[in-house]
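Encoded as structure tokens, the following chain is the form predicted alone, with no partner shown.
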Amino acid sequence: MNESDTGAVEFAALDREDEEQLLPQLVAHLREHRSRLRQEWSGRIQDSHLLSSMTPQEVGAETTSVYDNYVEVLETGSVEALQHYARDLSERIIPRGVETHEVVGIVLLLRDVLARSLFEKYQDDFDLLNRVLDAYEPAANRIANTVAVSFVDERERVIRQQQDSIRELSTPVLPVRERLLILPIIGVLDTERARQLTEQLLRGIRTHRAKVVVIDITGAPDVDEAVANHLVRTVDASRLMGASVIITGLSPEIAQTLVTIGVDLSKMNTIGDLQGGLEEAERLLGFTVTRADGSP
């Protein structure tokens, strides 16, 4: 190791030692002035029009909790504890409509309020002030980054959960009668939705012990090659579980697409419309279909 490298290591060691000595002083100062600093921070949040979807009482409770956890992390340096708290915070405030930029904004405002407080305390000793800020700023930036990342992760999890719920509502598996299910598909059928459709259908076949399934795609405007092949696999999987599949509502455009891309139509039992599909399903189940005029 050359002389410059040795100097750099010694300087870093001195920085860590300085930080370990100064952080307890910072924490004591921030706890001593907790009420005043938290109120100043709350005022800055209000002036910046952040957390506007929350009531003043909710903002007060959350800012108190965030402030105390912020100071605790400065003291302990425990990122894991901060991540756990940030996830809990996100679970509480995301349902209230709080956006990512608001969370980042309030944490940066807190960092600024606390930094200004430190400047006021140490402004008469410029060298000590620099050392204090050198100890505070890396820790404060780490806290801001951790809270922001945790919030984004939780928000994405909530969005995925909502998307799954919406997809389940948009592709309901409906029991029509004993051993007969109908799956009406409405809207764009992409690869992800087709995959979920298969999962829901297979669960429905097992739950209802279905023997026949009618998949009605009257409401699907178009399907691409990947989705068409997925439908074929859905038919095959349903057969393996003991259920026959009837597909109804094929539009001329979709029919042409299936022929063009070379889908194996021998695996598909297709009927023109939903009524005809239900009649065929009942015949497969052994029921006699009688029309209103009494003719079979």
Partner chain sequence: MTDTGPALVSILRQGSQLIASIHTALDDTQMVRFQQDLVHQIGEHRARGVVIDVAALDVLDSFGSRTLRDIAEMARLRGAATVIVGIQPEVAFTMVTLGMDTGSVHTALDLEEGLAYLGGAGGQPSTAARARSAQRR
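Residue numbers count along the first chain shown, from 1. Throughout, rigid core stands for the largest set of C-alpha atoms superposing within 1.5 Å between the two forms. Computed from a prediction, not measured in an experiment: that's the story for all the values here.
Just so it is clear, the following notes concern the form predicted in complex with the partner chain, a form of the same protein that is not shown.
**Q** What I'd like checked is whether Arg179, Lys211 and His230 together line the partner chain in the predicted complex, meaning each has a non-hydrogen atom within 4.5 Å of it.
**A** Yes, all three are in contact.
**Q** Ok, Gly262, Gly242, Pro56, Gly43: which has a heavy atom sitting within 4.5 Å of the partner chain in the predicted complex?
**A** Of the listed residues, the single hit is Gly242.
**Q** Would you kindly say which of His84, Arg206, His101, Arg96 lies with a heavy atom within 4.5 Å of the partner chain in the predicted complex?
**A** Filtering the options by heavy-atom distance leaves Arg206.
**Q** I need the one stretch from 48-56, 232-240, 253-261, 28-36 whose residues put non-hydrogen atoms within 4.5 angstroms of the partner chain in the predicted complex.
**A** Result for this chain: 232-240.
**Q** With a 4.5 Å heavy atom cut-off, would you call Thr198 a contact of the partner chain in the predicted complex?
**A** Taking the distances in the predicted complex, the answer for Thr198 is yes, it comes within 4.5 Å of the partner chain.
**Q** Can you tell me whether Leu202 touches the partner chain? I mean in the predicted complex, with a 4.5 angstroms heavy atom cut-off.
**A** Yes - in the predicted complex, heavy atoms of Leu202 and the partner chain come within 4.5 Å of each other.
**Q** When the rigid core is used for the superposition, does Arg179 move between the shown form and the other one (threshold: C-alpha shift of 2 Å or more)?
**A** Result for Arg179: yes, a 2 Å-plus shift.
**Q** For Lys267, decide whether the Cα shift between the shown form and the other one is 2 Å or greater, given a superposition on the rigid core.
**A** Superposed on the core, Lys267 moves its C-alpha 2 Å or more between the shown form and the other one.
**Q** So that I can tell if Asn145 moves, could you say whether its C-alpha shifts by at least 2 Å between the shown form and the other one after the core superposition?
**A** No, the C-alpha position differs by under 2 Å between the shown form and the other one.
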